[in-house]
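Here you get one chain, nothing else, as structure tokens; it is the form predicted alone.
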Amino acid sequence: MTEIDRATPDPDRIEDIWGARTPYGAGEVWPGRVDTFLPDGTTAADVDRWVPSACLLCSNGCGLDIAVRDGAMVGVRGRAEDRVNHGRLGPKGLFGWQGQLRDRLTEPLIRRNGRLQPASWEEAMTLITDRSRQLLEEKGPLSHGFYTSGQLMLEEYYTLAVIGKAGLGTPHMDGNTRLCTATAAAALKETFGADGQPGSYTDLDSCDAVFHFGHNVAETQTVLWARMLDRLAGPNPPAHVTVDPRRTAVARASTVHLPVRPGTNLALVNGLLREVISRGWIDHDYLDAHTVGFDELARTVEAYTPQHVADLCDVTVRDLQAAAEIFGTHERVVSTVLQGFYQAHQATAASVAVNNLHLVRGMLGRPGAGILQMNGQPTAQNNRECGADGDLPGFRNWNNPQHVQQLADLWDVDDSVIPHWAEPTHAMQIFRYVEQGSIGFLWVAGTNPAVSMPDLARIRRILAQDSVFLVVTDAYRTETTEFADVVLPAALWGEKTGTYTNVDRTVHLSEQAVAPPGQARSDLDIWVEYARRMGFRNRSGQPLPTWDTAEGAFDGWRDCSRGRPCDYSAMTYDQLRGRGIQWPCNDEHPDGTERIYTDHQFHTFDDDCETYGHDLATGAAVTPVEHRAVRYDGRARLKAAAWTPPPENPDGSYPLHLNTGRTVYQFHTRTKTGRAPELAAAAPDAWVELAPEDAAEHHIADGDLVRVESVRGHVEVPARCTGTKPGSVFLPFHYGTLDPSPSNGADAKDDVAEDSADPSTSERPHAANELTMTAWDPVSKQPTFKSGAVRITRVDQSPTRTREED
């Protein structure tokens, strides 16, 4: 690493999101820059100790240290030596931790006479286990469902997976990672046979071009974008191509911007593939040696001529061909993919098509040529690896009896206990089962479906049903806790020890820096106590799970992952202290692995693959017999599908496309960032972005209050007349009915009585998911947040607008 400037001052990082440039050229090491935030006059000399950790507020997973004074968090500092961020932190990393200092839940709550009231842990856990036992006796394990987060730690996910699969025996487990990262996993599994990112962040240091497929990296991973900006500011910068209906900061910096019509991603990538193939920019030797399915792929994309794609996607032929030429003529291309592709009706097919682009060019497994099917949340990867999302732990195949037996042997349980008779239940189906009454016990942990799920009016009706006993573990009162029968106070980041894995497979250890407030406990401690009270044991009579501590759970996971693609077997807490390590980390690679698939042998052997795959158009599963018949034998699967229209399109009544997404200043449903003063002030309320042409047609100006309405509901939010594609609107999804702004929260040190007070509520509906629909991709089951039809009406004029402007 080059010299680190440890004295770099922090400018206003709300205005200057990405910080000062540190230019570098291809093949050089990204220069360091340490970002620090110590508020209220605190200096480094005031800090008692710095505790190693990593940021949890986007999927980048930046290494940082937590400043502690008198037993409390007082700041953060980027870690210069960390391979992910080289010392940098984004606005959420710098300021977001302050949200943990106020308005926390400090003791359990149980519902009495219709209101949540303080209770002891004994009362709360007795109520939970009594209801759980009753339902198990009456209805069996299918009466239980778990809907968890993308923000817990590996040890907590794995502990829950063991409880759910070997203790209870329920397949009904998923996380809100289903809303943001399920397609990343599905696309990797369909092409390469198993989950796991082929690329590494270091590929950005040497690439010739970067393609952003539905990925607004400038706002979703600010430090990663800073790395890209520094390449752009250095010698021989890479070309950038952006596929996004909005003219984002990424689009503005790009060589080519393809402002695709919402719902047409697959048509566009099929068009790029056709251009690459028809112009001969393909590696025949690589295709012959390492892939199966090229002829079918070529036939499928043949119909996507430049003019046809231009008509479908509302882009120009010139720009489409220019993008294809960049991909086809550069030797080192990195592709990143995120929600613009994942939250769509053909999400997996479009994301697999990006994999196809790299395979037809043989552009994989070498420096500068990588794929990053991005994650949205910081520990989403762990949810997928450990099985808390429903899959079997260690990227094992639920349809492979040998894989199921491996887990049965590891956990010392009968294989019949482990649910493997069908594909795991995804989140959308779990809520459907609650709606129908077959799931009567739902445990929600670290997430807020009453804001984040689509079609919120329906979700509220489901959560309010008397037929479901709802347990919620969280650190705050949220829109979801208001439906709960029992609320358990959770410890947060910095208040517990554990590991998590970022999008390029880098594992960090985050050590406990401070005690949790009041009686709050870690999710691991809560689930272990639930398991002990339920009496879960293995065949040898030992408690299940067999551990009680975070490090014990990590050691259990090391055994579970041994020999699998996500192999942690040679990784220990001691090795992880102060640095990040990329998996696989085993006896062959004791220091981790920067880049996988360097031998171009993929996990598609029948006895190795995590899935036999699916038909991308319908989601129908490929059977073991069908998979064996093809004989992939370590070669990548080239799969393709034809484009189809989205399930809901604009019409005469609802003439505009709906698009929802993220803002740089908020995370998920604002439970933490909404309580951080700088972040709350920067983005205090929702808004709607309109194209100037559409705004003028409806006599709307900046700041006017606008009613946005779909067939499912409406919101009323201020207008911003800029940015998005004509014919479409954009709304950030973070905002619910409760207002967590700092002025409304009680300090964590306040007494218990404050915890049971009703939170403040917003008078106007402004949750974007009031508008979205219950529909999902057929393979990944990810909801289609980025399509739908709406209409707009001006409700009120901006107070700052003059009558002449009207």
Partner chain sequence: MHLATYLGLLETGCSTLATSYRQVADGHRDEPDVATLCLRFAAECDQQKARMSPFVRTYGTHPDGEPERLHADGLAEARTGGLGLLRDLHDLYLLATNLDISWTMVGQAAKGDRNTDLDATVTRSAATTEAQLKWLTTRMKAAAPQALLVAD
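The structure displayed is predicted, hence computed values, not measured ones. Residue numbers count along the first chain shown, from 1.
The same protein also exists as the form predicted together with the partner chain; that form is not shown, yet it is the one meant from here on.
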**Asked** the partner chain isn't shown here, but in the predicted bound form which of R131, R432, R707, R361 has a heavy atom within 4.5 Å of it?
**Response** R432
**Asked** Of the residues R112, R631, K139, R539, which one places a heavy atom within 4.5 Å of the partner chain in the predicted bound form?
**Response** K139
**Request:** Find out whether any non-hydrogen atom of T36 is located within 4.5 angstroms of the partner chain in the predicted bound form, and reply yes or no.
**Result:** no
**Item:** Interface membership of A620, the partner chain in the predicted bound form, 4.5 Å heavy atom rule
**Value:** yes
**Item:** Contact flag, I439 vs the partner chain in the predicted bound form, heavy atom cut 4.5 Å
**Value:** yes
**Prompt:** Is there a heavy atom of H172 no more than 4.5 Å from a heavy atom of the partner chain in the predicted bound form?
**Reply:** yes
**Request:** Kindly confirm or deny that N659, E678 and T793 each have some heavy atom within 4.5 angstroms of the partner chain in the predicted bound form.
**Result:** no
**Complete:** The stretch from 611 to 619, 519 to 527, 595 to 603, 539 to 547 that lies within 4.5 Å of the partner chain in the predicted bound form, judged by heavy atoms, is 611 to 619
**Asked** What residues of 524 to 543, in sequence order, lie within 4.5 Å of the partner chain in the predicted bound form by heavy atom?
**Response** none
